[in-house]
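This document opens with one chain alone, in structure tokens, the form predicted on its own.
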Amino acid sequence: MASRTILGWPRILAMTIIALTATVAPLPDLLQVLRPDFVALTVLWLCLLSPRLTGLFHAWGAGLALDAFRGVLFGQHALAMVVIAYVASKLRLQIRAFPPLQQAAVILALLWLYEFLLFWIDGVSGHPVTDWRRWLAVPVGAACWPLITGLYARFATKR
């Protein structure tokens, strides 16, 4: 019997809330710099799976929620999230054709773009730009991509 995706707004909202919680939950300083951006990974996964259902509107809303939780410049994460969601939506058929490890390389590039946009907005807005450790979350997020896709696939399918 084949599995079928049953992704509706209640599940999308639950996944986003869980990702927001995992992103802002307090961790020790050593682990804090290694935490991937779960919200960005969730938005990317949803854009690859179902861009018509989620897409840019969901990316914008998730980014605004992340801005509110982190207390940064309002719209900063939302803008960066919309940009990577747009690129992922445009390239989704090519990305989905890759095996998970090759997908992780594309996700690495998208997460790098996301972090670069946040870095640029911090610099333009006059906020202090942090040190090199802000970039550690990018390869960690790409390394977590195969695990996250497997986890989300179990959450979004009905057997």
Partner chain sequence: MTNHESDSRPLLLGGPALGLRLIVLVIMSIGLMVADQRQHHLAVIRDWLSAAAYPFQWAVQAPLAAWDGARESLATRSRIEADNIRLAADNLVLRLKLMRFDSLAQENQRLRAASASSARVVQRSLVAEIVRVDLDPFRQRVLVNKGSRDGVFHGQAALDANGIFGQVTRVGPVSAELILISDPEHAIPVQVNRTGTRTIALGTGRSGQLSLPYLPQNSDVVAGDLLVSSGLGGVFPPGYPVAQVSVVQHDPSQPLLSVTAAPLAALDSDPEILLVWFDSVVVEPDPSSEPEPPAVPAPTGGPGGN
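Residue numbers count along the first chain shown, from 1. The shown structure was predicted, so the numbers you read here are calculated from the model rather than taken from an experiment.
FYI, the form predicted together with the partner chain isn't displayed, but the following is about it.
- The closest non-hydrogen atom of S125 lies within 4.5 Å of the partner chain in the model of the complex.
- Contact annotation for Q102: none of its heavy atoms lies within 4.5 Å of the partner chain in the model of the complex.
- Interface membership of Q94, defined by any non-hydrogen atom within 4.5 Å of the partner chain in the model of the complex, is ruled out.
- Interface residue remark: A14 is not counted as part of the site for the partner chain in the model of the complex, having no heavy atom within 4.5 Å.
- Annotation for 56-74: interface residues with the partner chain in the model of the complex are L56, F57, W60, L64, D67, A68, F69, R70, G71, V72, L73, F74 [heavy atom within 4.5 Å].
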